[in-house]
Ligand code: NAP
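Shown next as structure tokens: one chain only, the form predicted on its own.
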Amino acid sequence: MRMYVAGQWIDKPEKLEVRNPYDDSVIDTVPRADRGDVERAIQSAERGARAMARLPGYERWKILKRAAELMTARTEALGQTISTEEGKILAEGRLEASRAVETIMGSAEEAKRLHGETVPLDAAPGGAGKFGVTIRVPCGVVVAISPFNFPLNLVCHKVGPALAGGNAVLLKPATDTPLSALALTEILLEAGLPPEGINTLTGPGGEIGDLLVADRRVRKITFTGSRDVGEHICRTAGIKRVTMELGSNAPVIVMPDADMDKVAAAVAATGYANAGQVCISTQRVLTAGKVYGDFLDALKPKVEALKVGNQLDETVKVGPMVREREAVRVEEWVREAVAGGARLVTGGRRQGAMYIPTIVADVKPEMRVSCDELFGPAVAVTPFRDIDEAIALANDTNYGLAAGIFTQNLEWAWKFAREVHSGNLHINWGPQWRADLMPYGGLKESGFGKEGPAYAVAEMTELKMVVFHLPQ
């Protein structure tokens, strides 16, 4: 596929291969953008920002609504593209495509809802005869940098609200999975988006990322990815608006009154989807000592029943990781934990880019499978004595994106909600659950700012205060 720069689809002599993670076959190529492409894209985005700011909210709604309709008609093709380039199973690819439709439709609705408020200035000393109102205006040029693991829906969570707010978008999709983003760009243009309302650059983030985020003409950056890259972007960006959706090592607390079958089903669902490559995947299962053995006995057969293989096979439940080196890394971390005294309950094997779904028990909090972001198909199980120790273990991390607890005790559930340092908290389900309309974002080093169309539009716009000084 070609990339889209300055209102044109362009190719380049130097290309990047897009590969199917299962068999490493080349499924397409994309151009490798360079410094000149970045400059042309930013100049185009400046012009596009002026064009987008002139569009009434109703026109932005119509464009995004039409895009959602086109996506609906192409859901199967989009789902196939997602699964082929990223490695998630077809059911998950199709689900992501349908969620992306909802994200764009939700963004369309928000284009109608941008509003300010009146401010009672006469309530302030000297405020008599003053009338105040706030208005929201676009930021201007928005750089959107998206990850590989949800190559369409997470792009939509950035592009949809940015366009709804009247901005131009400069999109940089993940190098491993650019095809879904390019397909979305085609759809938006077909839906009537001004030709310079979007630019989509393909190429390694290490080569073009700094050029994008450091440029003073860019007024907003929205990034989803690793904590280390996020910190680098923040240091490089300078004074501009930034939303960071970063990593996690999400905990699940299993209290002694929990239903073990329900817990096991939830952990199997939320710990291994997309081969564990979800920011809010269940990673740490903190289990009450009284039910520790019962939980492992309930979880093991469910995990062993997850069929691993070609993600395009309808019977497969866990596909490959995005790259073989990521599977090698997970394998090394699990081996390191076992060498340090942890117990391998099941799994622990690798076949190329596929890592067999794994349970590691008796994990110490300082082991990497617990304290770092694993981002792979394995869960680490650790015992605790009481609710206070469980919460202390849950909070013993730099991250704070999502967490879950299983209990029938309202007091324990509310204590968890109040005291666990996490942006998304789930009672009687795992942390890997997200409605695309809800406010979504983390605490601590999991980032700042919120996604979800209504909340992201606020992040993508500036608030102005207008004061009328009326005659007395």
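Since the structure is predicted, the reported quantities are computational estimates derived from the model, not experimental observations. Start at 1 with the first residue shown and count on from there.
Another form, the form predicted in complex with the named molecule, is not on view; read the next lines as being about it.
Colleague: Taking 4.5 angstroms as the heavy atom distance cut-off, pick the stretch from 380-388, 138-146, 327-335, 106-114 that is near the named molecule in the model of the complex.
Modeller: Partner-contacting stretch among the options: 138-146.
Colleague: Could you work out which of 226, 72, 351, 395 is the residue within 4.5 angstroms of the named molecule in the model of the complex, going by heavy atoms?
Modeller: Selected option: 226.
Colleague: Since exactly one of 261, 257, 210, 76 fits, which has a heavy atom within 4.5 Å of the named molecule in the model of the complex?
Modeller: If I apply the 4.5 Å criterion carefully, the residue I get is 210.
Colleague: Indicate whether the named molecule has at least one heavy atom within 4.5 Å of a heavy atom of residue 241 in the model of the complex.
Modeller: Heavy-atom contact with the named molecule at 4.5 Å: absent for residue 241.
Colleague: Classify residue 220 as contacting or not contacting the named molecule in the model of the complex by the rule of any non-hydrogen atom within 4.5 angstroms, answering yes or no.
Modeller: Residue 220: no contact with the named molecule in the model of the complex.
Colleague: Does residue 233 make contact with the named molecule in the model of the complex, using a 4.5 Å heavy atom cut-off?
Modeller: Flag for residue 233 set to yes.
Colleague: Does any part of residue 341 reach within 4.5 Å of the named molecule in the model of the complex? Heavy atoms only, please.
Modeller: Taking the distances in the model of the complex, the answer for residue 341 is no, it never comes within 4.5 Å of the named molecule.
Colleague: So which residues in 231-266, when you check the named molecule in the model of the complex, have a heavy atom no farther than 4.5 Å from it?
Modeller: Heavy-atom contacts to the named molecule in the model of the complex: 232, 233, 245, 246, 247, 248.
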